[in-house]
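As a starting point, one isolated chain is supplied in structure tokens, in the form predicted on its own.
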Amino acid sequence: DRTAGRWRRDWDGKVSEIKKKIQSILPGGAWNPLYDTSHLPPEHSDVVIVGGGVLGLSVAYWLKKLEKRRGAIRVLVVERDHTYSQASTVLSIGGIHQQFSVPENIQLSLFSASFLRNINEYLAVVDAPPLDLQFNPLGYLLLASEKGAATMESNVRVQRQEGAKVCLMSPEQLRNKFPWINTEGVALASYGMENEGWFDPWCLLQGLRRKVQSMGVLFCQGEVTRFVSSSNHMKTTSGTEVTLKRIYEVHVKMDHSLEYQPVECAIVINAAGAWSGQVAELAGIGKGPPGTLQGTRLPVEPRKRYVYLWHCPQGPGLEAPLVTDISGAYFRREGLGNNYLGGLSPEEEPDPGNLEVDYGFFQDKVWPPLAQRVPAFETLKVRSAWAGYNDYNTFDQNGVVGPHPLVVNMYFAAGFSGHGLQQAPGVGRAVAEMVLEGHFQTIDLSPFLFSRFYLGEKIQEQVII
């Protein structure tokens, strides 16, 4: 009996040790299973990032990396979909290229290529295995008709000036290098020889998440439902009255609960992807009279895009790049087993209310141009498909970066219309620079500021894939 008593005392001691250990790991204080607050956000955070996809996580990473003193900035990431089942990041095809026409887009993607190549220098975590992004450096191959050839030539000139390794190919050169292509209707092609291809987006997302957690970034599963702000009325030099707003509290509604948690904050980052327009509206952006800065909304909305996976034993081999046809249809290899991914942006926008796939769209719109361009694809068999959201900027299909001119402490990292994943490392750095230093330091992204919507200054990007 005495032995049993001693054993029980030892066991109780061990349990209390285990409890203490758990307590030291858990956020939220004292060990009490009835009042576990670890899922709640903190009552205050210097920065609240709305959206935990690759863009939001990249901003969090660069804020912590560039902070002057370790632990100086408290950062909270609020993500409503912790499985990322609807996140644009993980539903994308993971492509990266520098074949843009706007210098800033080329610079962003060049930096991202370097970031991804050296991913373990940036995102290494002590005692954690290194990341394998499965980067396939096979390039992008863009095809142009007679009509688009001159534009393609001038784009490649800009790309080369910015340091991208891109070559132009005639139809004959194209046939020699890629004999599986039918060059009918092709006048010119551009081919990325370095820093282009595709990688695993889920791996980048998880790698960023793991890294920022190790840097002290806090996470919370919930939805931002309200911003509380203070107002300051001012007159401009021309005598116009403007109201400057500053958000000082964010309401986060917890999952499966009617309650919300208020979080006091100094800065809000809107990285809510396809829903960033709705988040901006919550802050009163676009609620003023039409034609005024107050009445200018963030023109970003969810657009549904389909990606199809097909099998084709006689299809292009292992050296095949990501090909974008004159029709807009694209494809790339997926793995080593003669599987391919591809799609096309629809002319008529499908209902974004759900993520159901339209297989008829493949039969009618995607397959015909692909089979014409790659005759082997006439015998392909569709294996599966999925739909994802594009954070579509209806104004000029380019990203929005930096602070709002009137809601002065809301910063944007949204609206990239399909190239957000590949530009995330550079965009996160730019937003962090703007927050910490008050201006862009490495790549000047002034053309991407919100004010362009009010001024009507579109970014003239010719290459939207």
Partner chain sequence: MAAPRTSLRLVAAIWSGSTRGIHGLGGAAAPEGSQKKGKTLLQFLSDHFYDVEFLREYLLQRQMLKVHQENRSFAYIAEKHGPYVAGACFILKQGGAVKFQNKEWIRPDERGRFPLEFSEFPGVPVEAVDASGCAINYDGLDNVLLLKELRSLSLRRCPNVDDWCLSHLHPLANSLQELSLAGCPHVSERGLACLHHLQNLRRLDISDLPAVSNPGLTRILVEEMLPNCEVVGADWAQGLNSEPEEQPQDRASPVHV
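These numbers were taken from a predicted model, which means no experiment stands behind them. Residue numbers count along the first chain shown, from 1.
One more form of this protein exists, namely the form predicted together with its partner chain; it is left out here, but the text below deals with it.
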* Could you work out which of Leu142, Ala113, Ala272, Val224 is the residue within 4.5 angstroms of its partner chain in the model of the complex, going by heavy atoms? => Ala113
* To do: Using heavy atoms only and a 4.5 Å cut-off, determine which of Asp358, Glu194, Glu264, Asp81 is in contact with its partner chain in the model of the complex.
  => Glu194
* With a 4.5 Å heavy atom cut-off, would you call Glu241 a contact of its partner chain in the model of the complex? -> no
* Should Gln161 be classed as touching its partner chain in the model of the complex when contacts are defined as heavy atoms within 4.5 Å? -> no
* Asked: How about Asp127: is it within 4.5 Å of its partner chain in the model of the complex, going by heavy atoms?
  -> yes
* Though only this chain appears here, would Pro137 touch its partner chain in the model of the complex if you measure heavy atom gaps against 4.5 Å? -> yes
* Asked: Quick one: which of 82-90, 322-330, 226-234, 114-122 gets within 4.5 Å of its partner chain in the model of the complex, going by heavy atoms?
  -> 114-122
